[in-house]
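Presented below, as structure tokens, is a lone chain in the form predicted on its own.
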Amino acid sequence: MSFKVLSSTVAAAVDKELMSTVGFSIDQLMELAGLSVAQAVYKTYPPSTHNKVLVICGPGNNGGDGLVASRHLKLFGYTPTVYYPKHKSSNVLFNNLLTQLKTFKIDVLQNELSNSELKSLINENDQIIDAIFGFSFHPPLRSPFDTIIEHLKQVETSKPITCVDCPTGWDVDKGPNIADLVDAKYILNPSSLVSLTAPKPGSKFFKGNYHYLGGRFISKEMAQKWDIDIPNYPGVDQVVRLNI
């Protein structure tokens, strides 16, 4: 399957329409996105082989997708741990998501970790989910996320890493290795990518083995308006694997 890509500008416009004339709330879209990520992880790295999952969440909606995915992963039989160093404490939606994780007894680390603590946390988990920044990200990376990506770079060839919508550190439209990034130590090369709604232009540079598309919430009429390809989702799945 080869799918049309959606630029960051158009993706933002699509989200805006979904949450206005179409009638979705941000909570609903985040729930569907997080479920898509969890299903993709289950299909690729099941709990029988990769039970301990470190979910690294950023301060925005991409991070919210990661919080939702963590809850579903717990229900799927995993042991997730969430690292959430930048939290919008005044945001009701994110506070509710954190309350849900507490209810399900999922460990959430909200204080920034030292280099040694972060290294140990990464090493003690079987796989990592990068839910730091999505299509609204613009380089360069800033603290503490630059350091986080540096540490993930050290294990990217030995430990599965799944990125939500766009690998953190990439320009969503231009991909990796662009002048704005300056340093290759911030260019993550994950093994798995879950594009949401539609693949973004930067995904053309993805070299991992598993590329999924999630977002079973686009009507045929909306897809036609925005020139979005809708895949044939198998059964009740929220994700479909794309050809690399």
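From 1 onward, residues are counted along the sequence shown. Just so we're clear, the structure is a prediction, and the values are computed from it rather than from any experiment.
There is another form of this protein, the form predicted in complex with a further copy of the same chain, and it is not shown here; the text below is about that form.
With a further copy of the same chain left out of view, the stretch that reaches within 4.5 Å of it through heavy atoms in the predicted complex is, among 80-88, 131-139, 104-112, 154-162, 104-112. Taking Asn189, Gln28, Asn51, Asn209 one by one, only a single residue has any non-hydrogen atom within 4.5 Å of a further copy of the same chain in the predicted complex, and it is Gln28. Among residues of the shown chain, Val22 is one whose heavy atoms approach a further copy of the same chain to within 4.5 Å in the predicted complex.
The closest heavy atom approach of Ser120 to a further copy of the same chain in the predicted complex falls outside 4.5 Å.
Using a 4.5 angstroms limit between non-hydrogen atoms, Phe217 touches a further copy of the same chain in the predicted complex. At the 4.5 Å threshold, heavy atoms of Ile148 stay clear of a further copy of the same chain in the predicted complex, well away from it. Although a further copy of the same chain is not shown here, in the predicted complex the stretch 111-132 places no heavy atom of any residue within 4.5 Å of it.
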